[in-house]
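Okay, so we've got a single protein chain in two different forms coming up as structure tokens, structure 1 first and structure 2 after it.
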Structure 1
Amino acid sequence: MTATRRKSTSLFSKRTQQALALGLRYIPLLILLFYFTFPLLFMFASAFKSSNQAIFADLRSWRAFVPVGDVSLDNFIFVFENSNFLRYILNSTGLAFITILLSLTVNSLAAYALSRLKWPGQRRILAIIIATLIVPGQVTVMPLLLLVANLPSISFADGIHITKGWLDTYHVQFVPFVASAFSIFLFYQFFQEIPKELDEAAMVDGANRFQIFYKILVPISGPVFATVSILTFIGSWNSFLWPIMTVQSDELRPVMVGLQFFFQRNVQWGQVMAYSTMITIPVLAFFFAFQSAFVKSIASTGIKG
């Protein structure tokens, strides 16, 4: 590109110099690009290589990052045939879906009650909820484990039985995380920005509080619903420690825990990478599709948990 533009009598024309300067700026960017992408490129590429030997053989060249050579879908087929992969994906998708749905409902309603209604105790409850933001999840995880192990559970298999303990169930994986002080806080901040006159106008027209909420507030609060959905999705899809502690049955497990299956003996790295690829693609695909919403949501968490 620079060579064709070399027309002026001086060694480099002004335009060439500018092009060169611009080009130079890309060199550090490309080095950093390599650093920030090589592990994921390697993961994708290795997922298609049929054996550990095929992966080892490519390690010393660019071939490590490209699916070339002894390539097949064997690893993906193995994952489907020998692990409960489909079950894990269905579990994770279902759990994420139900957590998002419940958490949007419960938290937005609570934020509405706290930001736009006037009732005694409201300010104290808001202060308590905001205070809980300072407690990291790790602080409460052990007592929470003991609590869910002792909560009563109703089972409807042949008659109604009340059993003790939520361990090894689906609901233990989402019920404790439906209400979130942080989501309430995000909704609260958003609702505060919306003029109160809207509510009053609707009241005059005879709408009750619930109607105002879902006919007026919800339709104009798209961004905050998106933010909370994304955060809840990431938290739910990536959950790892809690299901390890509370779920024993293979068929109830989510995708992140399923990864452990491949670390029993003689680790076949191609299979590990195929599994990792398949559980990462949904998140990365959403990210590439809705980048700005993603970035805004994650940046608003302050801490990626």
Structure 2
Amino acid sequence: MTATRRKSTSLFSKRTQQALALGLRYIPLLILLFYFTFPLLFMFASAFKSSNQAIFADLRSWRAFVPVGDVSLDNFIFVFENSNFLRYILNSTGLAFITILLSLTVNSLAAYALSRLKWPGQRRILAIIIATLIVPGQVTVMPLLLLVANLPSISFADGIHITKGWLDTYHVQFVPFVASAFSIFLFYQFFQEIPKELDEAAMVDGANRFQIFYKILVPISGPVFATVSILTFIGSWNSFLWPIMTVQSDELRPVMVGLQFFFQRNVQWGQVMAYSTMITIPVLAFFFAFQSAFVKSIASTGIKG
């Protein structure tokens, strides 16, 4: 009888200890989860509230994070009726996917040449590329602006015409950002982990260097391709400084620049939150679609120094 009580007490204590261990493990994660999601919840909830008074009245309670009270879709309708939102969203989507496609191609090939081939000056070129990571993008904005303003541009309206300058065009918004030192570094780290015996086996079978790249390396490098896609998409989608300096036409503007001009209309906070909600959803959807591959890539490469 005594042994049975001791066993029961010991089992209960063990379960209690496991519960405490789980609580200590997950409570900090839950606190971080709420900390990072509260701004998003506040934005989503405020997008459905009809006036600034309703938003400010709920600021000191849980109602600030839940669409309750006088809610409607009026703010979303206002955005569509008072801005060129659909054009902005199509511009940003097209620019983002073109940038991703070109970035994956250019950066993966550059990393392949640096990590799998042998040629003079290879180490120095890699060191220069990594060194550019410490240069802030704002430092290169003005030289880059002068460069694109003097590049030749081909126009096909009424025949072929060569003009000067890339300003106020679509391609000025993505061509300067296709090559990325950070993306090359990610690809380089991932390719370094792949055994080079695969290359030698493929060469024995008669494959050339390019066939080794797209038939062997690309199929097994899905995680790093997903990671670079996510980072490129977020960077392109959130781009603001460069488009506002180079694009003047309303029909060429991306969503972030469109938000700036929409905000200047003296709109209410609920309408700004509705605009912000609609431009946040694509980023979240893109991230969750490639989340598992993104985590796998970070775990496998570890961004090792």
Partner chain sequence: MTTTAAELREKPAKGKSNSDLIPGLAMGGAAFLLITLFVIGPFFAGIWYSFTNQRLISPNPTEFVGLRNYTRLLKLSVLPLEPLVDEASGEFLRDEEGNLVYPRSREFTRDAENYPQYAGLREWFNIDWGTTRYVILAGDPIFMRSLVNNFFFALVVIPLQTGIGLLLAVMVNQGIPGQNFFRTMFFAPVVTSMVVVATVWRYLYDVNNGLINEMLGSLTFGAIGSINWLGDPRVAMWAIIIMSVWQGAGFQMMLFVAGLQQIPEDLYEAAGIDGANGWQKFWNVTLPGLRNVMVFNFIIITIAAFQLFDQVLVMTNGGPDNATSTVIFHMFRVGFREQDIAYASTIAVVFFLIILFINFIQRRVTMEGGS
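Definition used throughout: the rigid core is the maximal C-alpha set that superposes within 1.5 Å between two forms. Here, a residue number simply tells you its place in the sequence of structure 1, counted from 1. Everything numeric here is computed off the predicted structure, so don't read it as measured data.
Among the two displayed forms of the chain, which is the form predicted in complex with its partner chain? Pick structure 1; the other is not the form predicted in complex with its partner chain.
After a rigid core superposition, would you say the CA of residue 250 moves by 2 angstroms or more between the two structures, or not? No: residue 250 shifts by under 2 Å between the two structures.
Is residue 93 one of the residues whose C-alpha moves 2 Å or more between the two structures after the core fit? False for residue 93: its C-alpha shift is below 2 Å.
Core fit, then residue 52 C-alpha moves 2 Å or more between the two structures: Where the cores coincide, residue 52 still shows a C-alpha shift between the two structures that is 2 Å or more.
By how many angstrom is the CA atom of residue 271 displaced between the two structures after fitting on the core? It moves 2.3 Å at the C-alpha.
Keeping the rigid core superposed, can you check how far the CA atom of residue 61 moves between the two structures, in angstrom? On core superposition, this C-alpha lies 5.6 Å from its counterpart.
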